[in-house]
Each structure stands twice: as C-alpha cells, then as structure tokens.
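Consider the single chain below, provided in structure tokens and representing the form predicted on its own.
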C-alpha cells in the first residue's frame, strides 16, 4: 500500500464513526419521518402515499398559527440572547486577563451542569404564586397579595434565554478571540469613537460568530419542549408540544411526522433568510467554528 492509499484509508477510518453517527442517527430517522408524513391513512392498515397530511395541516389555523408563534418567539429569544451574550463574550475575549478568562468561561458553563428539567423547576420555584419573588414583593409592600408570574409569554422567553444564551457566547468568544487588537487601536487612532469602531470594525469581524450563535440559539429555542411547557403551562402554544401531542397523546404518527418535517423546513427557511440578510454563507460560518 503506497503513501496516498494509506492516507485515504486513515482519513476514512478517522471519519467513519462520525459518518455512521450522521447516517444512523440523523439522516435515516429523518428519511423515516418523511416517509411516515407522506402516508395517508385510508382505513385500518390501509395507507396511500400523498400530501394529505400536509393539506390537513394547512386547513387547521391553530396549527400553523402555533408554528408562526413559535418562530416569532424563537426570533425574540435569539435577539435577546445576542444582546446579552455579545457584551459578555467581548469582555471574556478582549478585556479580561488570560488568567481570569478561563474562570469566567467556566462560570458561563456552570448552568449546563444542571439538566433542563431542574433549571425549569428552579424558575417555577422563583416565580410561582408562593415563590420567592412573590413573597419578596409582598414583604416590600409592592403588592397586596400573592402574584402569579408563571404561565405567560414573558416567562417563556426569559426561561429560554437563560437556557440558550451560553450557545451564543461560545461562538462569539471563539470569533472575537481571533481579532487582532491593533484593528481596534487603528480605528481609534484614525478618529473613530468607540461606537463607530464597534459598528465598523468589531461587528463585521464578529459577524460569522454572530450568525453561528443565532443559528444555534434559534434552532434550540424552536425545538425546545420542556421550558415552554413547564413555564408556559397549558397556554404555551409551542409547536413541539403539538408534535408531542400527535405522537404520544393521540398516537397519530402521520400527523406528528408531518409537524416534525414542517418544523424542520420552516426553521431551515428562517436560517436561510438570516444568512442571506447578513451576507454570510453556511459553509464559511461553519468553517470559522
């Protein structure tokens, strides 16, 4: 075996586990869900192939209204995570000393040591009618009685931002860490104020990290289930809850698979629009991270 063949074999063996993981756990299940979504039930054990399940979805306003509501709230979560995450990432990458940088980054990772379920119940303990915040407001004389702060859109957005903001910080730190400080110094020396330097130099340089963080956060928010259901209650109107209900509660796998494919397609379109609006490409964004 010559050197080129040995190199190709080594490359194949190196990527084989990853390719198997992608093929077995992502591609094949998605193809299976797509097949189930195209299966129209004509009667007991009698199916036909068609787009009837997709047509049924479009005829039910509550379903596509829930999908649009999930997308809008996920975009709000993404924007808030960016507003919160960018200053933190900039401080870690450009202001903090090298000794404190690792400690600050580790501090950001602490919430991930606790599961999503426990974190959601933490919010419930804080915000429920007999929770810490309600008791504090009553003790301060700001309310006459217990205040229920759960089961509304603000609580859902707040819980999701808390859950996903780290996934915005990590790619931003990675991008900003590679920026030469002399670029900022040159901008200031040429007469630019801090806002101009931030707008004309820092943001364009960090754009691949911003796009990567927004894609990750938006996908996580739109696909989240526990946080919207626990903090939003029965009125959460989150699309993943509709998917769960179709699969588990109604045992309607055809409708559940259809909803899953529509969520995947819809979020992919939103990500594509975001890439076009920012002038980025998915390949270059992934390559930078």
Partner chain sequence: MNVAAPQSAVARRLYQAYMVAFFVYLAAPLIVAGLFAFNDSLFPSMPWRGWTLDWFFNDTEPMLGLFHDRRLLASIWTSVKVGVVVSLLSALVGTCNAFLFERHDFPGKRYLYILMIVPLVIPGVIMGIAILVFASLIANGVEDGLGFDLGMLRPGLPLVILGQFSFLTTITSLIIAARLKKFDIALEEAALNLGASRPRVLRTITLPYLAPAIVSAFIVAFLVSFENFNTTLMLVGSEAPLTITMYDRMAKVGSTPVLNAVSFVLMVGSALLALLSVFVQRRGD
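This is a predicted model, so every value here is computed, not measured. Residue numbers count along the first chain shown, from 1. For clarity, a rigid core is taken as the largest C-alpha set superposing within 1.5 Å between two forms.
Omitted from view is the form predicted together with its partner chain, to which the following refers.
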query	finding
Proximity to its partner chain in the model of the complex, single hit among 76, 158, 207, 137 (heavy atom within 4.5 Å)	158
Position in contact with its partner chain when the complex is considered in the model of the complex, options 201, 104, 170, 149, heavy atoms within 4.5 Å	104
Every residue of 29, 117 and 225 near its partner chain in the model of the complex, heavy atom within 4.5 Å	yes
Close approach of residue 185 to its partner chain in the model of the complex, 4.5 Å, heavy atom	yes
Non-hydrogen atom contact residue 247 with its partner chain in the model of the complex at 4.5 angstroms	yes
Residue contact check: residue 273 to its partner chain in the model of the complex, 4.5 Å heavy atom	no
Exercise: residue 122 in contact with its partner chain in the model of the complex, heavy atom 4.5 Å	yes
Core-superposed comparison between the shown form and the other one, residue 189 Cα displacement 2 Å or beyond	no
Did residue 130 shift 2 Å or more between the shown form and the other one, C-alpha, core superposed	no
